[in-house]
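Shown below, as structure tokens, is a lone chain in the form predicted alone; questions about how it binds or moves come after it.
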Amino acid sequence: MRKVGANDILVIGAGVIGAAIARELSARGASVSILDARTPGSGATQASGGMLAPYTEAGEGGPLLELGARSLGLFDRFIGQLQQDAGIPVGYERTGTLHVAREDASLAHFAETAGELGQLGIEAQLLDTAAARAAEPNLAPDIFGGLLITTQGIVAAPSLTRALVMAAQRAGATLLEPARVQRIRAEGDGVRVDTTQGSIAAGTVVLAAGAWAGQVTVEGADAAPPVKPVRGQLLHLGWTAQQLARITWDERCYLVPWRDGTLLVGATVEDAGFDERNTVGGVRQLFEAVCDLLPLAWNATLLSARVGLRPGSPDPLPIIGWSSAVPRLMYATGHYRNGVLLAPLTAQVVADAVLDGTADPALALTSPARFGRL
């Protein structure tokens, strides 16, 4: 394994969060190495729908809505600069989202949500049946209406991660040979990381290993990072009917249309440990849900079934901040379904803390200390 300099920053994890952090740190002039057990972006990222929807995902308000809305506001500039730095395109659109009501209770809830978002200055349109069908002609005939939030959008998570890794490498970051991290401990003024391929010393370590962060022993901590895998299965369909105009979902599934004419259908939520297999039950659940929402889906082509393990934390918030057990260890994990959405903000606050010693207000919400001595 390549030797990492004592003053280097070692980023553990090359999914969208780790890649975004590595790119931000190297763009600011830091010496960065990236370590992952697998090919960059091959974990939860490759099965992500890439939805940028803080006002729907965190519709109940609270800190997650605050973090998501703030990160969404960074995306236009984030993607524009990234495409320049990496030299490759990233699929990114702000075409809005349509949440479909299948019963009166859902429509009443949408009306409340629209009012709450209006007070925040967010455009949200409550649609009756005719307006919802005009916005999306493919919908089943039994819908009651919908909620259109025009500022939300989508980004292609796999191409985003590839671009982030490429931009980081162009700025000087080094991608190390694959290895799984087993233990992290303080050593002098820095950090020692024990892996399946040997031991690495670094000045600072960022643990962004997603669902696998909870498998890493942090010496001196009360327990391992409280991150657990939550399996999500998705379908990738070839779509021959009129393409959907935007992300669309109801209570059973979400639909992500791509300009290449394909459609992502997600996603299951399963407590299955580290089992990364697609199942007949999960695939059937998604098939039934999409065909119920879009009757023409019976004529679609199944291109692939995907699966990813989301990194869940005990509460809805990610775990971002300094370790109290290993002084130069920074956590950046536990993003659950919001890793893609929160990538720009996470990269910014981590780089500010590591390079400038500043504590962004977001870190008060995401501190590992809320789970004890980690």
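Only a predicted model underlies this, so the values are computations on that prediction, with no experimental measurement involved. In case it trips you up, residue 1 is the first one in the sequence shown, and so on.
In what follows, reference is made to the form predicted in complex with a small molecule, a form of this protein that is not presented.
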Review point. Should T97 be counted as a contact of the small molecule in the model of the complex, where contact means heavy atoms within 4.5 Å?
Key: no
Exercise for review: Using the partner position in the model of the complex, report whether W322 sits within 4.5 Å of the small molecule, counting heavy atoms only.
Suggested key: no
Check your understanding: Would G232 show up as a contact with the small molecule in the model of the complex if we use heavy atoms at 4.5 Å?
Key -> yes
Point to revise | Contact test in the model of the complex: V216 vs the small molecule, heavy atoms, 4.5 Å | key: yes
**Study point:** Residue among V206, V181, V191, A168 with a heavy atom within 4.5 Å of the small molecule in the model of the complex
**Key:** V181
Check your understanding: If we take heavy atoms and a 4.5 Å cut-off, which stretch out of 339-347, 22-30, 323-331, 62-70 is in contact with the small molecule in the model of the complex?
Key -> 339-347
